[in-house]
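Let's start with one chain on its own, the form predicted alone, as structure tokens.
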Amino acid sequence: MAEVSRYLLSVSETLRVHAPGRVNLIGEHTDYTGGLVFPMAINRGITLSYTAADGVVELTSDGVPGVLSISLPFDSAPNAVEPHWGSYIAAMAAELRATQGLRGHVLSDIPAGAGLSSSAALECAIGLALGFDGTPLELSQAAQRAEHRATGVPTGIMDQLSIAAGVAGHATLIDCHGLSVTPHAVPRDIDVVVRFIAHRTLEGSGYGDRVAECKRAEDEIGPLRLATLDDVERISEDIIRRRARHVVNENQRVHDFAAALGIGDYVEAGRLITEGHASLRDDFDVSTARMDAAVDGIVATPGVFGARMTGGGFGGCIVAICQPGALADGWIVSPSAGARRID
């Protein structure tokens, strides 16, 4: 991995970094099996303004109370850091073995617990502010390891890589096995609308159970990214078979969605994301009654092509694609560039 660069900042110079949030259009719970995902970085995110500080990170946030203060190098347990949001920062500092610190303020317009990857955005932003100078892939890998340190949740690479490698005007088709990122232009004659439904956290949820269940499926039939539905039907245990069926079908849906979006077949693209939600509800058991009702309601709205929950599940946001102006309730988001320094 690339190391933190050795340049030193003037203590009087205020710098800024920005990392976007992300919405996943389709391809849910496939990244940790090396499958396909289709997220886009969005025009909402985290901006960190800071000056250099020797051997310490001190930060405040506009959205949550408390002052974070940690000494560098950081070699303690990140999840013991207070305030709690500082655990992601401490974990990233530990990953980068940072010694040159900073003082600053975090400004965010992506709410925590919405399923829009506020934690991954924070990890990428703090990585850049601490002097990381590697590739977007290397930044995303360091941020993923930091997420694991901070939460203990075995998340995949999608959130961090989509944020680090975002391309303005484009969503990104990511192969989570080969770690390739292929930009796909998002048409301007549709709206992508995100609506917040319910706060959620992956810590203490069934997310880790789903990772383990997919691993059990792979122990039986091999990598799910290579499996067929005939392979899936050989799995003896119903719950494991259903988990595998979702992953195999979802990988195909990502392929089909990218193709439909590319030719402007928004009816088919919408059908696929709505079908993906049903799979997350019925085969993967990560939706909730409240999320299901929200999806049903929005899909029934004139001008809406399709909708689904987005993110790891158990709450958060839903995303819809629709005709321009069809939905007034929610955030109309546009595809953004990835994490970057703003000088």
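Note that residue numbering follows the sequence shown and begins at 1. Computed from a predicted model, the values in this text were never measured in an experiment.
The same protein also exists as the form predicted in complex with a small molecule; that form is not shown, yet it is the one meant from here on.
Here the marked residues Pro78, Ala94 and Ala142 all miss the small molecule in the model of the complex; none has a heavy atom within 4.5 angstroms. Among the residues Trp85, Phe132, Tyr207, Phe74, the one placing a heavy atom within 4.5 Å of the small molecule in the model of the complex is Trp85. In summary, among the residues Val106, Leu102, Ala90, Ala244, the only one with a non-hydrogen atom within 4.5 Å of the small molecule in the model of the complex is Val106. Contact annotation: Gly115 falls within 4.5 Å of the small molecule in the model of the complex, judged by heavy atom distances.
Although the partner is absent here, Asn251 lies well away from the small molecule in the model of the complex, with no heavy atom inside 4.5 Å. Taking non-hydrogen atoms only, Pro111 approaches the small molecule to within 4.5 angstroms in the model of the complex.
A residue is said to contact a partner when one of its heavy atoms sits within 4.5 Å of a partner heavy atom; Ala41 fails this definition for the small molecule in the model of the complex, lying far away. For the small molecule in the model of the complex, the listed stretch (61 to 69, 301 to 309, 29 to 37, 284 to 292) containing residues with heavy atoms inside 4.5 Å is 61 to 69.
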